[in-house]
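Just the one chain here, laid out as structure tokens, in the form predicted alone.
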Amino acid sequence: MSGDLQFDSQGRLHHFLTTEGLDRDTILQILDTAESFVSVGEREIKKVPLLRGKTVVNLFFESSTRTRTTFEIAAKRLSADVINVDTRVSSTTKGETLLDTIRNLEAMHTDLFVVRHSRSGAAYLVAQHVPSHVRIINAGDGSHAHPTQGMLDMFTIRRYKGSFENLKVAIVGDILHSRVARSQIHALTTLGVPEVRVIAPKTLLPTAVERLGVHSYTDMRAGLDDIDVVIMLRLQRERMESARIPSEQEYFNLYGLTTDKLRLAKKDAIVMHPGPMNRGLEIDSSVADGPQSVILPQVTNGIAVRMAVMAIIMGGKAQEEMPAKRPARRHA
């Protein structure tokens, strides 16, 4: 899928559907704008007026408490009116199509849709059929893309590591089915990370994954050697039912992140996870809750990043209404 649909005729970000095809300047614009929003969450009154009078609809056909909640908080901090559509009781369960649902909500003067769907390409389909004044953010489509998760991961890395040019990053787990991994890889390579590694059993690695600009490993210990950032991916248990992995215990033994395996990475390596975590399957609690974990800061950072994406696609950064940018916080 092409990312061209994301930009208007002047080359400005119009929708946010994927990290694929974004240039470095656009990614940095998102990260810098997010940095300026961090302080909003620390105020007594956590609001700026950028989207006052705008209506944002969270349309989630796939459940995700964390993603939906952070989008809702982000929109409200920008002073937008937010509607959460419960698809379990929506007309789509009665036979109405996705586009019918969008058109009906459009008729209620919606300005921005945040769409999450189990089908790859759903957000693209919506973006192709909405009027030019309506914006779309992809909150995850099938196994294709999860661009705001990719951006909040980049934001977290930059806050703890300062820059991307000298880093070695390892992504561990179900690379084959992970929309998060795809979004991370596109962003990391565009930002100039010199070495991105993917670590997984062969059954969970895409064919010719190296074409994405990564190095693949089936041995986790070798893959973690001298790594600066370790990103663990959630393993969906249905992968075991399809015989892609033999058992939970064997997967954890070979690919679960433990304190012992983490010692192979650099001493100041950070550990990330997009959530939700399967403790004891892909990550041990001693690591998830340990001093190198930045998993909870990722959640907090997601609010600022989603605020930034909304602000940019809805009409620019409006710097005069934004709080002053704060310096990035480094990991001790």
Ligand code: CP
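A residue's number is simply how far along the shown sequence it sits, counting from 1. A quick note: this is a predicted structure, and the numbers were derived from the prediction, not measured.
The protein also exists as the form predicted together with the ligand; that form is not presented, and the subsequent description refers to it.
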The one option of Thr33, Thr67, Asn58, Ser293 with any heavy atom within 4.5 Å of the ligand in the predicted bound form is Thr67
Students should find that, of Arg116, His144, Arg159, Arg135, the residue having a non-hydrogen atom no more than 4.5 angstroms from the ligand in the predicted bound form is Arg116
Any non-hydrogen atom of Gly53 within 4.5 angstroms of the ligand in the predicted bound form:
no
Is Ser178 close enough to the ligand in the predicted bound form to count, meaning some heavy atom within 4.5 Å?
no
(request) Determine whether any heavy atom of Pro276 comes within 4.5 Å of a heavy atom of the ligand in the predicted bound form, and answer yes or no. (result) yes
Heavy atom of Gln149 within 4.5 Å of the ligand in the predicted bound form | yes
Per contact check vs the ligand in the predicted bound form (non-hydrogen atom within 4.5 angstroms), the hit among 281-289, 260-268, 33-41, 58-66 is 58-66
